[in-house]
Structure formats: C-alpha cells, structure tokens
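Single chain ahead, written as structure tokens, the form predicted on its own.
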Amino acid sequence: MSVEALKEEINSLKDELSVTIVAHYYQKDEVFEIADITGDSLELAKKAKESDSQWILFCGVGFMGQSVKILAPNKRVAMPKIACCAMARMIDSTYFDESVKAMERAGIKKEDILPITYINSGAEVKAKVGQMGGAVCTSSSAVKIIEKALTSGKKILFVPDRCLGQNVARMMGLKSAVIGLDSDEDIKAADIICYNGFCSVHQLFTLKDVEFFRKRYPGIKIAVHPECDPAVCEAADFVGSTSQIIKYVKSLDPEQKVAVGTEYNLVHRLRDKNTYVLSSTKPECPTMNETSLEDVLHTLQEIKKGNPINEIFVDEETIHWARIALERMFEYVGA
C-alpha cells in the first residue's frame, strides 16, 4: 500500500473510532504528518489528557505513553510500537535505590536527599521520586525545578541523565558529581549528584563538530540540547529543550546559518535552508524511528476489532506516586 493510501486509511479509521493520534517531534515525517497533536514528551501528555477521545494512539517511546496514563488514568493508551528510550532503560527501581545507597555511603543521610527525575524515565522511577518528596523535570524546566528543590537545603539526586544534571549545575554555578565516576568526597561536596545515564543520540555531538562548523561557516550559530556533553553545551550559542530550539531557530534571520545538535528528524524540518545537523553522522533516534504508518494502521484496526494491542497499563499505586512527582513539577513552574 502506498504512503498516501496508508494515510487515507489511517485518517478514515481515526475519525470512525474517535482516536487521537499524538506524535513526538522525533518521529519520522510520514508518522509526524498524520498526528492530531505533535510536540515534546510532556506537552503531548498534557494535550492528550485534555483530548475528548477515549483512545490515545501515542507515537513515541514507552515512558511517554506511561505519562499520559499517569496524568489521565481514565484514558486508554495504545502505542503502535512500545519502543524503549535507551536513557529511560538505564535506570529502574533497583538502580534508583542503589543510587540512594551510594549517596549514603558517601556520608549523605537519606533524609537529606531530594531526588529529581528527568521526564525520560519509567513510571516506577517517577513513583520512587514522588515517595521521597521529589519531582519530575523537563529539559526546559530543570533549572526552575532544581532552584526550588535546593530551598529544602537537601542534596539533589538527579536521574537519569548525567549531562542534563551537569549542564544545569554549570548554568547555576553549582557543583556536580556523577555516581560511579567521582569519589565519595566529590559526591558529598556536590550540590547535584547525577546518575550515570545518557542519551546515545545526543552523545554523538562533539566539540570537534562545533569547531568544524565554526571554521567552515564563519558566523554560524550553534544550538544544542542540554542532553549533549557539557563541553559541547559550553561551546554553543544556545542551549535549550526541543521546543526552545525550535523557537530559537525560527527567530533567526533566514540567511543566518545554524547548526543544531539534536535528533535528525526534528532538525531537517526546522527550515528550508541554512540549517545543518551538528554531526558528521545522521543522529537518528533508533527507537523513535521504529514506528511506521503500517504499525499505526494495524493498531487502529485492532482497536476496531475490540482486540487492542500494545495498550499501556500502570498500577494504581505507581500512578498515585508518579502523578505526585509530576504535579510537583507543575506546581514549581506554575504550569
């Protein structure tokens, strides 16, 4: 079946079943184009919650579908592919507990630890954070969340992305340390103690890439995501979340050249010209690119048959504590 025929069938079934399709910015073009709602992970969860549809068909990765279910337990959420974010898989409930113990071994009492989890984490980790009085953050809200958290006088355990934690610490003039990389003394002296997780896509961007583009295109602007290595972020002209990068690039003069350090599918949709991917390789997220139009159509067909596939389920206790962690974020940033 051709792409256009697939899209026509998808749109017909979507309307017949009153299903809302949401797609993350990193989805490939043909999937992105059939979505009713597009955006970054938290934006999608919030908008999906407000949808009138009983069914949400989420084109993204697993933790994103979970976020919808946490915020709107009454919704039924299905994913064409329950693709797993590599970063989110780097930490689970057990690894979280071990991180707390590592801080205790460094001389920090458990009651003096306040955890913050990046939204790129599973529901169980979010629930653990909620139980300890912590909050979720996004890349755009991380500074505000940590500013608020620090007023508690506690040490911040930041999971799972070490780069985001280190970049926030640098921007705020704070000390950071990484569990498993730094000594107990460094951990005890740090304000933000980071779990050693990372985004494989954003690790592709290097300081050499920045230097190459600056040499080849004098006057070029460099915009990167804070999941990039701190050295890359420090050398950039702009550091921001996916939505912030979009806004920044669109604010530039069309003739201004810009190299962007984030996922390929987003970058190539930004502008028609003078926009480059800050890498010699194609930085595609393999899990985000798992979803195809055929998968979307098949998922809709199974919903119609009353035999839904890849439906997201989260137990009530996990939903309770994970929602508390998410609601604290909304409270802290005034969302």
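All of these numbers come straight from a predicted model, not from anything done at the bench. Start at 1 with the first residue shown and count on from there.
The same protein also exists as the form predicted in complex with a small molecule; that form is not shown, yet it is the one meant from here on.
Q: Considering the small molecule in the model of the complex, which of S99, Q166, N265, T242 comes within 4.5 Å of it through any heavy atom?
A: Checked against the cut-off, the match is T242.
Q: Of the listed stretches (297-305, 273-281, 39-47, 66-74), which one has a non-hydrogen atom within 4.5 Å of the small molecule in the model of the complex?
A: Contact-bearing stretch, as computed: 39-47.
Q: Does the small molecule get within 4.5 angstroms of any non-hydrogen atom of R162 in the model of the complex?
A: No, R162 stays farther than 4.5 Å from the small molecule in the model of the complex.
Q: Would Y26 count as a contact of the small molecule in the model of the complex, using a 4.5 angstroms cut-off between non-hydrogen atoms?
A: Yes, Y26 sits close enough to the small molecule in the model of the complex that at least one of its heavy atoms falls within 4.5 Å.
Q: Contact between Y195 and the small molecule in the model of the complex at 4.5 Å, heavy atoms?
A: Output for Y195 is no: heavy atoms all beyond 4.5 Å of the small molecule.
Q: Would you check, heavy atoms only and a 4.5 Å threshold, whether H202 touches the small molecule in the model of the complex?
A: Answer yes; at least one heavy atom of H202 falls within 4.5 Å of the small molecule in the model of the complex.
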